[in-house]
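The chain below stands alone, shown as structure tokens; this is the form predicted on its own.
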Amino acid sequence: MSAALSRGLCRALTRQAAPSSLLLGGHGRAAPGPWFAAVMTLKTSAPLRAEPKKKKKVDPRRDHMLKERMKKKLKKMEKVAPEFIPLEDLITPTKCLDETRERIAPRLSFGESEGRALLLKEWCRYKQEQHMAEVQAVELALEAQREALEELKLESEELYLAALKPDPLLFPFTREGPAYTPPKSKYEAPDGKYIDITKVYTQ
């Protein structure tokens, strides 16, 4: 079909070229036109036909077995509990758990150990007396305040209510909060030098 098409094109082009006086040769025959050489150079090749690939036959029993295996593997994976990523910040290093002393405690004489024990007992007795004195002073102050408020309530109800209000000038405290300022456009933040030792865990 391609060869017949090329012959038909050649004939049509040669017929369209009129045999004018400029194109006539010495024998009166029409000289070939400018399209003649281009048409003669056309070549056709035989059509290539390819056979479609045959599909491999799949054994339905084998396919079913593969699906069953996949289902069993998925069930096993669902039964296993997910592993949690350990937080190293909350784990005490083993070297800190070692309770062995590196230095040997010096041996004290009997008199020195008895003196330290008596000094410790005396210090505990002194701190206990100091604590009891502080507690007694607070109790006396609260009792005196309660009696004074009761006497003030009998004298004037307004003064009693005013005395119950908190005094803002008792503990003067002033502060200035952080002011909102726009960021600097040309500010270059300093880059600190650090070594990234973050561990990546994959499940």
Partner chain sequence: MANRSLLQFLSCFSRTAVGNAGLRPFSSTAVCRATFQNRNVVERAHSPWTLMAAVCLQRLPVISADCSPIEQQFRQMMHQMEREKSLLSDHELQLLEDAERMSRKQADDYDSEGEDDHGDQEIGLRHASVADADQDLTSSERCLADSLVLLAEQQVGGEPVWLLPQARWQEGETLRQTAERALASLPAAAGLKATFLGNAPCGVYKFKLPQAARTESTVGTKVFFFKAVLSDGGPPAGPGGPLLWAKRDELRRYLKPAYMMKVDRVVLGL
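Residue numbers count along the first chain shown, from 1. Small disclaimer: the values here were computed from a predicted structure and weren't measured.
If you look for the form predicted together with the partner chain, you will not find it shown, but the lines that follow are about it.
Asker: I need to confirm a contact call. Of L108, I91, M77, I85, which residue comes within 4.5 Å of the partner chain in the predicted complex, counting heavy atoms only?
Answerer: By the 4.5 Å heavy-atom cutoff, the listed residue in contact is L108.
Asker: Indicate whether the partner chain has at least one heavy atom within 4.5 Å of a heavy atom of A179 in the predicted complex.
Answerer: Result yes; A179 sits at the interface with the partner chain in the predicted complex.
Asker: Any of the heavy atoms of M70 lying within 4.5 Å of the partner chain in the predicted complex?
Answerer: M70: no, not in contact with the partner chain in the predicted complex.
Asker: With the partner left out here, check for me: in the predicted complex, does some heavy atom of Q130 sit within 4.5 Å of the partner chain?
Answerer: Yes.
Asker: Please tell me whether any heavy atom belonging to A141 falls inside 4.5 Å of a heavy atom of the partner chain, as the geometry stands in the predicted complex.
Answerer: Heavy-atom contact with the partner chain at 4.5 Å: present for A141.
Asker: In the predicted complex, which residues of 91-114 put a heavy atom within 4.5 Å of the partner chain?
Answerer: Counting only heavy atoms within 4.5 Å of the partner chain in the predicted complex, the contacting residues of 91-114 are K95, C96, T100, R101, E102, R103, P106, L108, E112.
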